[in-house]
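Only one chain is included here, represented as structure tokens and corresponding to the form predicted on its own.
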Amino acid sequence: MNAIADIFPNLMQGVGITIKVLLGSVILGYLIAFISGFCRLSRNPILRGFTRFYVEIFRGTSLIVQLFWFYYALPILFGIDIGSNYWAGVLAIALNYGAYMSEIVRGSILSVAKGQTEAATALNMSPFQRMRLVIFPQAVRMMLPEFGNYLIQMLKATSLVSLISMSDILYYGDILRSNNISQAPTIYFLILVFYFIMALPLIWLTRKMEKVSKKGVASQ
């Protein structure tokens, strides 16, 4: 118990950074997902092609490597300075998960029954009105369960920012472990507990999203 009492306050120092990275990644990641999802449905072949290139690059490469590219490679190779390790971490996580979620946005919009579009067209709605008033609200409901799952995935991905010297929970855990290797099992057990506790409200939110998604989607 004494070991836990010593370790716990140290790990608590990293909670704020973990939450800040998560919030930044979620806001930017969802924004990228919606923009990319709509671009993938665009009639403009250049826009469609560029977005597809982005999606395939970020889905097909490792998040850790992308993180190192933003933090180490871009400043050296191209003189592009992201600004701080915080923004390097947020950009890498947001772009990576934004690529995955953009496919959810695209797939959900395409999954709305064609009869809905035809009915809206019969009511003389413009393409923008059809998307805003008929298709998009139903598509969002279908996106919610998967978006909830990716929210939890992004929380777990925040642990990678310790690799670029951000002082999150894992960073403090690694420092404690390097000072006293015999405490490693206790340290990493407590880190698991920290992440699980932070994931609990996200799990609850995901379940709420699943319930909401079952309502109000037309099947024909």
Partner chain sequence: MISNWQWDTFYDSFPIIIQGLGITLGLTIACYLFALIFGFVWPFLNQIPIKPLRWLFTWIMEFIRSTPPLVQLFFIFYALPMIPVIGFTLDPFTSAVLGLGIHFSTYIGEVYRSGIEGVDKGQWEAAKALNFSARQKWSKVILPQAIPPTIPMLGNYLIIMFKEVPLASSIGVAGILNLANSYGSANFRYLEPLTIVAILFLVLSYPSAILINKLERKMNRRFEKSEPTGSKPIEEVKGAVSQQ
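Given the structure is predicted, the values throughout are model-derived calculations rather than measurements. Numbering follows the first chain given and starts at 1.
A second form of this protein, the form predicted in complex with its partner chain, is not displayed here; the remarks below concern that form.
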request  = Scan Ser165, Asn44, Asn179, Ser62 and let me know which has any heavy atom within 4.5 Å of its partner chain in the predicted complex.
outcome  = Ser62
key: Exercise: Arg207 in contact with its partner chain in the predicted complex, heavy atom 4.5 Å   = yes
task = Using a 4.5 Å heavy atom cut-off, state whether Arg48 contacts its partner chain in the predicted complex.
result = no
request  = Using a 4.5 Å heavy atom cut-off, state whether Gly79 contacts its partner chain in the predicted complex.
outcome  = yes
task = Decide whether Ser159 counts as a contact residue for its partner chain in the predicted complex under a heavy atom distance cut-off of 4.5 Å.
result = yes
Which of 111-119, 124-132, 143-151, 84-92 lines the interface with its partner chain in the predicted complex (heavy atom within 4.5 Å) = 143-151
inquiry  = Under the 4.5 Å heavy atom criterion, name the residues of 172-200 that approach its partner chain in the predicted complex, in sequence order.
reply    = Asp174, Arg177, Ile181, Ser182, Ala184, Pro185, Tyr188, Phe189, Ile191, Leu192, Val193, Tyr195, Phe196, Ala199, Leu200
